[in-house]
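One chain follows as structure tokens, the form predicted alone.
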């Protein structure tokens, strides 16, 4: 009897609280995130972009818009890391300042699309009937326009500027968010917890915001990460053709546009902003692809 008691006393104990914590959705997603190389690489590049946007003006060695004709077309070196352009402006400083513009375009356009898509998707999916029919047809018409033509049309109407590009990019993405939210809401509104909330007199607005919306956040996070990169790329493209940021604003697409005339004489004017666009858009898309795997409910590992 005593030996049995002693063996039980010496047996290892299990902390059920810790085991339970390890099985929580947050812990599971974090474990998947750490093991996903796409997420790690994309998150690091996104963090670098955010850092440059926040502190680039402190790191820039020169004024990005200061004209210095005596230093025109200086090749990359110790004085000017990325060389200078046709006005003698430091390309390295202009790229650092341009990071803030890139982040502004990505974040604000995604927020506009996120909010607008959630509102339309919740209303369409929850109320159904003629409201859903009207909003669905509106979204289908909205989606029928080619993306780049839609943005160009909006900017042409409002006028070429960075703020108008942001507005156009935000409105462009609203239907994509709305359709995702609508589909999730239509399936969630039949759940038991929604019926229970209705039975006790909870308002429709509270049901949509408190009980249904949290269940559609995961796909919206994935879409936002992908749309962020797309907005950055499209914004640079519009600035390249003169519909976005206007000179002398140090936007990456505008820098590319200014340097295309001097591709053979001073290729660094276009090479370095082109690399910045490619690297950060690739990193953001990698993060989006990784989050798609991490937040996939069909994966159990």
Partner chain sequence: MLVNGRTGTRVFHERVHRMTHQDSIRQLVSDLEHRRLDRRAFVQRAGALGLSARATAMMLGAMGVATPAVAMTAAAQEPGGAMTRAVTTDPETLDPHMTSNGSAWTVFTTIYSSLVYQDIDLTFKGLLADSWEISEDNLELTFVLKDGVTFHDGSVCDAEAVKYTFERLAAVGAKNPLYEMAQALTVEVIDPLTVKFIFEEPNAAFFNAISGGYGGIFAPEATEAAGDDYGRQPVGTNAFKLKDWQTGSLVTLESFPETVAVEGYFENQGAPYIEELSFKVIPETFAQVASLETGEVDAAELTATDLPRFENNDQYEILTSTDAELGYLGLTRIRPLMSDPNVRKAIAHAINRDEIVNTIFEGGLAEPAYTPLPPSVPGYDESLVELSPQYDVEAAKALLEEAGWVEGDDGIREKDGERLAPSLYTTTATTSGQLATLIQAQLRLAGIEVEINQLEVAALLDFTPKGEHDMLLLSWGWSDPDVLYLFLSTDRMETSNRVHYSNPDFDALLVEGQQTMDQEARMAVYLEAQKILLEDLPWVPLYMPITKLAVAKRVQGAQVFPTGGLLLNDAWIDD
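Numbering follows the first chain given and starts at 1. If you're wondering where the values come from, they're calculated on a predicted model, not measured in any experiment.
Omitted from view is the form predicted together with the partner chain, to which the following refers.
The stretch that touches the partner chain in the predicted complex, counting heavy atoms within 4.5 Å, is 262 to 270, out of 27 to 35, 44 to 52, 262 to 270, 229 to 237. The contact with the partner chain in the predicted complex, taken as any heavy atom within 4.5 Å, belongs to 74 out of 220, 154, 213, 74. In the predicted complex, at least one heavy atom of residue 70 sits within 4.5 Å of the partner chain.
Using a 4.5 Å cutoff between non-hydrogen atoms, residue 274 does not count as a contact of the partner chain in the predicted complex.
Within this chain, residue 87 lines the site of the partner chain in the predicted complex, having a heavy atom no more than 4.5 Å away. Contact check for residue 160: a non-hydrogen atom falls within 4.5 Å of the partner chain in the predicted complex.
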